[in-house]
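In the form predicted alone, a lone chain appears below as structure tokens.
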């Protein structure tokens, strides 16, 4: 590939996609570099989707060994893989993803996510982090924003049968078709830290309850120094107490953060594969939009709960 045109092999392989979103979009995809940290079920679904779509390269980061939870949610792990032995999740997923599309360069980056400095993220066009702490989300997002070029930043979390996607495209321009003409549109995105700092009392009254519930559990894990998902039914009283304190501080009725929803998030910490597939599919579509510059991008939160089967977009920003 000479950096400008698709090769004959690429054109043949991606023929159907080119018919959908055009050769320019496919060219941009084939030149893009994506980084993904945290390889549970939802992130793996996303990785599969963008590898099949034909990104230029995908770098995986997850040094954790194979566990029972990983085997239950990660379809890229070989069936004969033993828990605690062999390679890391990133290494095992890397080997499997290479078979999905040999034209995509898939590699592994070892190390803790917090150890990567600002310059590390400069080589990427898209950064996706999953199953990360509150501090990690804020830190990585801020590092991406310090770069001279725009790096699209996403977080994705799936707990039990519901999940959340956050998007930060900073200042983003894209083309939108209106009638018989194409109009250039612009959006301004807040960082993750800026978005969640908006007082709850100033948010729309019908905002998805899952937004508040995720913030409560996220804060609890941060205060207790827990990794994402390290909660159980024993923690529920403390989580409810924190919910009450946050609602009082933000002048929000506690009914907006139901006990039953918090219990689900605290107790059922495994990812539900069908929901992972939905979230991974949505995230894949959004990343393709961001890279290609075509289609209305999501701004800036997406929530899905299998209880009602609804996907909800919420614009939580001051812009």
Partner chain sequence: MASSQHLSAIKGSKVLMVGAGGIGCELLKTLALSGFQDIHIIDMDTIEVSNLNRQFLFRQSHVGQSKAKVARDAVLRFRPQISITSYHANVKDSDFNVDFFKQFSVVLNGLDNLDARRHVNRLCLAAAVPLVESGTTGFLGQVTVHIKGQTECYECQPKPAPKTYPVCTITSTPSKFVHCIVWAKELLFAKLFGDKNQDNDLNVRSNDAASSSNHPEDVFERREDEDIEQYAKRIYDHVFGHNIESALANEETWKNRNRPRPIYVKDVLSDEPLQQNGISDKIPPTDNLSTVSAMAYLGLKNPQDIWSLKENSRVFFAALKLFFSKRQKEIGNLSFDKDDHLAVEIVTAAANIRAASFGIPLHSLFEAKGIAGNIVHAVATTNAIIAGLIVVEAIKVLQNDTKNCRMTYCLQHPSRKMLLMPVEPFEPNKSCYVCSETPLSLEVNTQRAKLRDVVEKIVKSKLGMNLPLITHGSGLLYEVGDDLEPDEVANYEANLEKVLSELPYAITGGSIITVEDLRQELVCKINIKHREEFDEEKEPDGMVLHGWTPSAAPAVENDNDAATNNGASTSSTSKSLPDDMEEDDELIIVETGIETIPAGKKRKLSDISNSETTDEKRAKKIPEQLEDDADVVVMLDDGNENGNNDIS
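Residue numbers count along the first chain shown, from 1. Every value quoted in this text rests on a predicted model; they were computed, and no experiment measured them.
Here the subject shifts to the form predicted in complex with the partner chain, a form of this protein not shown in this document.
Novice: Just to confirm, with a 4.5 Å cut-off on non-hydrogen atoms, which of 293, 56, 281, 65 contacts the partner chain in the predicted complex?
Specialist: Only one listed residue qualifies here, and that residue is 281.
Novice: Is residue 99 close to the partner chain in the predicted complex, meaning a heavy atom pair under 4.5 Å apart or at it?
Specialist: Residue-level check for residue 99: yes, a contact with the partner chain.
Novice: So in the predicted complex, does residue 252 come within 4.5 Å of the partner chain, heavy atom to heavy atom?
Specialist: Output for residue 252 is no: heavy atoms all beyond 4.5 Å of the partner chain.
Novice: Any of the heavy atoms of residue 75 lying within 4.5 Å of the partner chain in the predicted complex?
Specialist: It does: once the partner chain is placed as it appears in the predicted complex, residue 75 has a heavy atom within 4.5 Å of it.
Novice: Would residue 40 show up as a contact with the partner chain in the predicted complex if we use heavy atoms at 4.5 Å?
Specialist: Residue 40 lies outside the contact set for the partner chain.
Novice: What stretch, of 189-197, 113-121, 158-166, 215-223, brings heavy atoms to within 4.5 Å of the partner chain in the predicted complex?
Specialist: It is 158-166 that comes within 4.5 Å of the partner.
Novice: Quick one: which residues from 36-66 get a non-hydrogen atom within 4.5 Å of the partner chain in the predicted complex?
Specialist: Read in sequence order, the residues that approach the partner chain (within 4.5 Å, in the predicted complex) are 45, 48, 49, 52.
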